[in-house]
Every structure is written in structure tokens, then in C-alpha cells.
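There is one chain below, alone, in C-alpha cells, taken in the form predicted on its own.
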């Protein structure tokens, strides 16, 4: 069942649905018209119960009340929206996502009542789609969900739906679906999603939105001179792929290239990882997933910005043919690179992809990669590190991230650490000293972008969530699709 969302102008209590979700501002419970109507229907018991359990409408505070057959919805949920002055687009998106996730359990239809008419309908649509997301593909028997949320009706107190608000709500849902593409890709097991099937997924996105797409197989990657990319994938039975999608509007203001690291599984290669936690390395293609989701979002938005999505896909395995520490390879741009640790493979794939991206002569290159554990140590699991030498680009990414409700923190490109990347036998070592690992990784990548404006995003932490909260489900999050989408929109003005 595909999810649909609509704006309703009717009395929410008159709509038949499995659940009714009413969002209320803090300390304003008795002022909400729907709450007053519900309280009358329940003989004053609703407000009395809310007071008894200290439900005050704090942000995402949830109260479920038995409907007792008194109105058309089987379940009633009250959800706190916090203070009206703090009800930003990011808060709205998070609130609706958590509410729909709770109300949608076992429900086919949900009516959502907003706290007021002062809302961002696009953010509401995004919240509905993000909160309704489930990855249940591999459940069978009793584990398979018996119901699926298929319809959400949004009611706005005191407002009549217009064509503009309907379009904004529908666009929000489309963008949430784009995030869902990224989530699905990361959630897939590595025996299902490997470089060849990742390329097929990219082709599906391209065909759905009428993008151009070029895919290079193992021979094509080698023939193109992407020796670093080829080396990383040469130890796996699943051959590497290089993917290039293009959205080219008739009129364009800017050209931007997004590059995603697509390590569909990273065992560490010959420098093999410890067994504990290795299963999470199916998420090492989180950057590639973000590019897929972004391109789907671009297909929905159709901005007047030319957008290229590039993915370097490989599987890093410890086969007899695998690349080794001390090997030296020549990159696409001609620099020679000495291999230090085969578990630092992502930057090698990215280096060739970034060199390829510069040849497109873009106004901006943005790369996304689950690149280093050092970023996790520095910023935790909920915030991505980003690097750029351009202060204006940094401000643009910060603004896009705030609007998207995603966490990014600018990190420094410390020149002193670049010294540790000098090799005794080649132009570069691909890893530096132990300390400052996320910074030296960024400094290595900088060697392959030339003078092109560039942002590097180390997204190792936020691509997976250990628990559901706000817009985040447990598992793959789809970070940073919404941030990148808003960055593209800012380039179109």
C-alpha cells in the first residue's frame, strides 16, 4: 500500500480513521478547538486525565487516551508541540514524524490535527513520510506487519486548503520518499546490495526521473584510469562499479556535483576489522545512498541547477587478489599513492571520483562518506563533520542543515597535519598519523579537487540510529539527503 497524504477542511472528529493524532502547544491544551470538542464528548474526562498524568504539551510529549467508542477514530493520541515561538520547520518535521510513527502502529489511516495554521506544509509532508517509514522486507510469518499505513489526513485549525498548500504538502511527501530510497539502500543486507545491484538501483532512479546515467564496470573503471577505485574492489567477487547520473535543466544557474562513497561492504580488506561491529559495515555506502536519495529529490523539485550524482561503488574484501599495504597506485589525476592501511579504502575510491568530478567543471563539488571513526570520536553519532576552505560555502551548508533539521559541524583543515601524508616512495600516503584522522582524510581528498570549490562531509555517525526518535527510525536514517536538497535549492536562489 502506497502512502497518500491530503489536507482536510472538514471537522476532524467527523472523519473515520484508525487513529486521531492531535498536536497541541505547551500550556494551551484547553485552547485547542479539537481538544475542547473531544473533552465535551468525553464528559470533561480528557482534560482532567491530561492534568492528572501531567501532560503539558512539551515537545514530543505523547499521551494515548482510550477512545471508548465515543468518536469515529479507534485511538486518540495527544502530542506536545512545545512553545509556539519554537515551532520551527525542523521542530514541525520532527514532531509529525514521531507522532505518525506512534499513531501508525497497527493503523491503515490516521487523522493529524495541527496546533495552528502557522505551519510549514512541506515540513509537515516530510514528517508524515519519514514517520511512516518501515523496513519490513525480510519479515515473514508472525513478524510480518498485519497492517500498513496508507492514508494520512492533515487538518489545519482555522485554515482552508489552497492549491499552494496542497502542493507543498505533496512535495514534502515526495522528498520523504527520496529519503526512504537512501534508507532502504543502507538497510539492505550486503548479500543483496553489492556494487552491481547498487548500480541497478541508480538506474531505476535515473529512469524514474529521466536522468542520463553512465555506469562503468570493472574493465571500464580500469580503462578510465581509476586505479585507486579498481584496487579497492579487486579482492571481491562482486566487481566494482562507477556510476554517474545527470540532471540537466534547460536553464541552469549553477552546476554542482555530489560524490558518494559506495562501499557496499567493508571487511577492512587484508587489514581486516574486528568481528564485533563488522556487520554495521553494510552501511559504508551511506554516502552513495545519500546521493541516490538526493537525485530522487532533485527529480521531484526540478531546480534550475545542473546536478550530477557520482558514486564510486566497491566491496572491500581480503581475497588473494586484494590490494596490500605498501602497494603503490597511480590515481586518475596522475598522483601516485602509497597504501598504508587497506581499511582506509573509502578515500581511495573518492579520490578518483573527485578527480572525475573536476573534469565536469562544476561550480561546487560536495562529497559524502562514512569515512572515519575519528569523526565519531569527535562529534558522536548524531552529528556529521564537514570541511571546506570557503567560509560562504560553510555558511550555506550550515543554513541548509538547520532547515533540514540535520546536524553538521565545521572542522578545520589544519595544514600542519598535511605533512603526515608525505610518502618516501610516492606522491602521497593515503593515511596520516593516528591523531586527527578525520582531518588528514579530508586533507588527502583535497589533493584531488584542484581549485574547484569543495565541501567534504564525513557522515560516519548519523547514517545509522540506535533508536527511533523524531524523524529518525531505528536503523538507516537517510542522512543527509534533506540537507543536500536544501543546499541545491539555495544554489537556484
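Positions refer to the first chain, counted from 1. A quick note: this is a predicted structure, and the numbers were derived from the prediction, not measured.
FYI, the form predicted in complex with a small molecule isn't displayed, but the following is about it.
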property: Partner contact for residue 345 in the predicted complex: the small molecule, 4.5 angstroms, heavy atom; result: yes
property: Heavy atom of residue 34 within 4.5 Å of the small molecule in the predicted complex; result: no
property: Interface membership of residue 460, the small molecule in the predicted complex, 4.5 Å heavy atom rule; result: yes
property: Residue contact check: residue 261 to the small molecule in the predicted complex, 4.5 Å heavy atom; result: yes
property: Which of 413-421, 165-173, 369-377, 385-393 lines the interface with the small molecule in the predicted complex (heavy atom within 4.5 Å); result: 369-377
property: Single option in 88, 341, 330, 147 placed near the small molecule in the predicted complex, where near means a heavy atom within 4.5 Å; result: 341
property: Listed residue (284, 315, 352, 188) with a non-hydrogen atom within 4.5 angstroms of the small molecule in the predicted complex; result: 284
property: Non-hydrogen atom within 4.5 angstroms of the small molecule in the predicted complex for each of 266, 273 and 431; result: yes
